[in-house]
Structure formats: structure tokens, C-alpha cells
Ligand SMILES: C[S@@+](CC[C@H](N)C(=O)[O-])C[C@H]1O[C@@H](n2cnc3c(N)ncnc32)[C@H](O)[C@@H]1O
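Single chain ahead, by itself, as C-alpha cells, in the form predicted alone.
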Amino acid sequence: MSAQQPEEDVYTHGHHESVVRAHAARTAENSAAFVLPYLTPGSTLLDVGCGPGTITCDFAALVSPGHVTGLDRSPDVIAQAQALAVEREVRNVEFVAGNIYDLDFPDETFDVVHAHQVLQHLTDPVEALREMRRVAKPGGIVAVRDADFHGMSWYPEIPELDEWMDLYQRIARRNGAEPDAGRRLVSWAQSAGFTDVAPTSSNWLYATAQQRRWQARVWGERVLHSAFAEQALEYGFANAADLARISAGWHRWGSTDDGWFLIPNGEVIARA
């Protein structure tokens, strides 16, 4: 989910099993529908910050016989993506470790350059977009999608979820990142030199019993065990009792009969 960054860039989520498991639930249909109309057989595509490769492998099936490259910062996650491609028998995809600020590809290589939930974690998202633009072919597209944390809404009003949001914002901003990235994508794309920018938005919604349990389990674990937890403690923003309380709040929300959690995502298609 996140490409390699300069030394000073810190990935707020990290690659704990609970994080990677959540990323593996993402598909082209539920997380990249805005890109699908632009995918045609024979297209070349770069998926920057590909994570465990579920969206990437979906893209490969859609552009076959075109070639897809998935790039991520973590060799362990790259290995998982490679294993997924073997399991699915997807042969027109490769996965490599790389740096979003210095992509190891010639100018004008790809028809589509895609990044999902990546820019929100970077200290310089505009520079990342410039580099993505560099490797896109003339007439090709750069497609990005990012959540907007302050745009999230939930019910019932559980105080621990308010604490979680405040803590997440503090950690992400301490890392030099922008958790409210979704609303800034048009501005960032324009600053990167794009003049043809088409914005859209879409939501993830967790409101059925199964969805609530899944979301509560994901964040209940991440609050205690992921890089988010490590950074909260390291920065002095929370102690172990605080994290345990917030995790319990997530599970309490997940056990409600009428719970609702909405995650809005900003999206842009920017033409190179």
C-alpha cells in the first residue's frame, strides 16, 4: 500500500499482519472502480504502493495481455504479492521494491499509473505525483485514491472512537503526513503540473453485522499491535491503558446492532 519513501518518511500504519490482512481485502471493484473504465486489453500499468497485490492482480486480468508492475516499499509484502500472483496463476504481472520519489523506469513507460491510499502517508505527495506523471505515457493517466480521515463519520457516538481519530491525526501529522488527503487530491495534482484533472469520490461503508465485526477487529488489533501503536507510545501521545481503552471501544462499536462507519475517499484521474 505504500511505496518506499525517503528516510524521514514514516509509514503510520506499518506492515503488521492486521494491516496487511485488511489491505488484502481490497479489490479493483471495491477500491478502484473509478479506474476500471480506463483499462483496456494490452495496456501497461504501474501500481505504486501495491501492498499484498490484490488490486494489482485484478488489474492484470483486466489489461491482459498487457503487462502490470506492482511496486511497494516492503520486501515482505512484495513476497506476499508474488505468492498471490502464483496462486491466481496471473502471469502478466511482476512485483518489485521501489521508491515512489525515484521510480526506476524510463520516462513515458506506462499507460496507467495508479496509487491507492498512498499519498496520505507521504511528506511530499506533490513530488510523488510529479514522478508518477514522468513515467506515464503522453495521453496516459495517473489515478490516485485516498481516504479523508476527518470526513469519516460513525454511529453510535462512542467516545473512544473520537479518541482514536484525535490520536490518528496527531500521529500522522507528527510523521509529516496528511490524513485528510482525499479533499486535497485536486490541489496536489494541479501543483504537480496536471492541467486535466477529473475528480470523483466514493465510500467504504461498514454497516452490516459482518462488516462491523470486520472493521472493529481490524482497528481493534491495529490500535494495540501495529506501527500505529508503537508510534503512539514512542511519541508520548498515549500509554498502554489508553490504547487498550480505544481498542475496547472499537470492539464495543463492532458489537452494536445499528452501527455505521463511513469512510469517504477522494479520487482523481489526471492526464499526463
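Residue numbers run from 1 along the displayed sequence. What you see is a predicted model; the values in this text were computed from it and never measured.
Omitted here: the form predicted together with the ligand. The next part is about that form.
Undergrad: Would you check, heavy atoms only and a 4.5 Å threshold, whether residue 73 touches the ligand in the predicted complex?
TA: Result yes; residue 73 sits at the interface with the ligand in the predicted complex.
Undergrad: Within 4.5 Å, heavy atoms only: does residue 55 come near the ligand in the predicted complex?
TA: Contact check for residue 55: yes, within 4.5 Å of the ligand in the predicted complex.
Undergrad: Does any heavy atom of residue 250 come within 4.5 Å of a heavy atom of the ligand in the predicted complex?
TA: No, residue 250 is distant from the partner.
Undergrad: Taking any heavy atom pair closer than or equal to 4.5 Å as contact, tell me whether residue 26 reaches the ligand in the predicted complex.
TA: Within the cut-off, so yes.
Undergrad: Thinking of 62, 113 and 144 as the candidate spot, does the ligand come within 4.5 Å of a heavy atom on all of them in the predicted complex?
TA: So, no: the whole triplet misses the ligand.
Undergrad: Looking at 115-123, 159-167, 82-90, 190-198, which stretch has residues with any non-hydrogen atom within 4.5 Å of the ligand in the predicted complex?
TA: Answer to the contact question: 115-123.
Undergrad: Though the ligand is not shown, can you say which of 171, 185, 77, 129 has a heavy atom within 4.5 Å of it in the predicted complex?
TA: Among 171, 185, 77, 129, a heavy atom within 4.5 Å of the ligand in the predicted complex occurs only for 77.
Undergrad: Counting only non-hydrogen atoms and a 4.5 Å cut-off, give the residues of 86-109 close to the ligand in the predicted complex.
TA: Counting only heavy atoms within 4.5 Å of the ligand in the predicted complex, the contacting residues of 86-109 are 98, 99, 100, 101.
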